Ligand SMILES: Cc1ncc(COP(=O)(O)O)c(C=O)c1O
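A single chain, nothing else alongside it, follows as structure tokens in the form predicted alone.
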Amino acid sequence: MNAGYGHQGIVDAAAEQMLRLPYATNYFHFGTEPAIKLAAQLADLAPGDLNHVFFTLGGSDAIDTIIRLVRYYNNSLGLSDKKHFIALEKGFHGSGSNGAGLTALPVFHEKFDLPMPWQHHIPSPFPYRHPEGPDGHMIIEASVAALHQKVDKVGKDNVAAFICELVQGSGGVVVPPEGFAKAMENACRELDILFIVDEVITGFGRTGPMFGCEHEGLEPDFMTLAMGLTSGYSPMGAALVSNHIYDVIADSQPPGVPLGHGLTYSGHPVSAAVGLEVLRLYQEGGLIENCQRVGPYFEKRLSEFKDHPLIGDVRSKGLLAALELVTNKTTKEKPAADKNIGPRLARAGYENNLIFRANADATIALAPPICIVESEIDLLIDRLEKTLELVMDIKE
């Protein structure tokens, strides 16, 4: 809900489109005006040459779409062994049949027979708990080395791509050191593997600019979008594809033979109409500017928790943040399992009229709408303080 609730213009855009054309297929070269316009605007805004857009229903099928396209791309080039993917520990790339294996959270693997043999992970660039942390340069060097080592182990001719979030959301809002993503992109170019950026969480102003890629001038081969694309008013995601990938796939298609990938509701006209109005609010309605203005204030207020007896780490990027609870600031020890901290935090927050993600690893994840103003941030901080008071006994 990046744009927040109650935007009548978004509701009106959906209603008008429902009356004009509630649904039409995107198969067989058909398209609809809202989807065409939205794709064009996204291509204009996206970094590098990500000029081709395949719409999905959300982030999970955007990831699965990209996995299929990577395979098709390499097979078209005769690189039939390049099927392996490398992701980050603590990363989240959806819960689709393929993407869930790239996700690196145990609950998405256990009893699901994941990860699959072609799915690999390297350590998260987590400054608070990385062996080389908190020194950002050392973490980046270790991460680049880990990617090289994994590629060497799997085989350069076997590795297709590396994928990462720019902030690891579900993994605890892990904010990598500045320069991490660019270093990993450069490593991918050196290793001749594709660089995929998952912006499902960081896209559309969440960390400040329209896309998180702008922080370090990234130009990925693929990029995923969702969530903020329609601000949650209607389901939609997107897989953005660079020119050189698209050209290989298009040129490999025999005349009259379709690409065997599609989704019934891809480019749904109502969702696309919503997306167009949400994009207008981001740009013309001042929402991106608002995030860039209040983001530093949010980070400043959150920093006040660094001295709180329960807080071991405060990390944030724009309007995306986390507080990690510990029982010992020196050893960074987590609360004991029998303290049941995740559910207790969620309940305590709800009692104080504050909704956040209470991770089972004792992390409070915060992602307020980017329309939030400073007085509302103050209210959030006040309620957060009261919430922490209700779980002080975890140190006992």
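Note that this is a predicted model, so its numbers are computed, not measured. All residue numbers refer to positions in the sequence shown, first residue = 1.
Just so it is clear, the following notes concern the form predicted together with this ligand, a form of the same protein that is not shown.
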So which stretch, 327-335, 39-47, 341-349, 58-66, is the one near this ligand in the predicted complex (non-hydrogen atoms, 4.5 Å)? 58-66
With heavy atoms only and a cut-off of 4.5 Å, decide whether Asp221 touches this ligand in the predicted complex. no
Are any of the heavy atoms in Gly267 no more than 4.5 Å from a heavy atom of this ligand in the predicted complex? no
Contact between Met227 and this ligand in the predicted complex at 4.5 Å, heavy atoms? yes
With the partner left out here, check for me: in the predicted complex, does some heavy atom of Phe92 sit within 4.5 Å of this ligand? yes
Selected contact from Ile201, Ile196, Ile122, Val241, since only one has a non-hydrogen atom within 4.5 angstroms of this ligand in the predicted complex: Ile201
Listed residue (Ser234, Ser170, Asn290, Ser316) with a non-hydrogen atom within 4.5 angstroms of this ligand in the predicted complex: Ser170
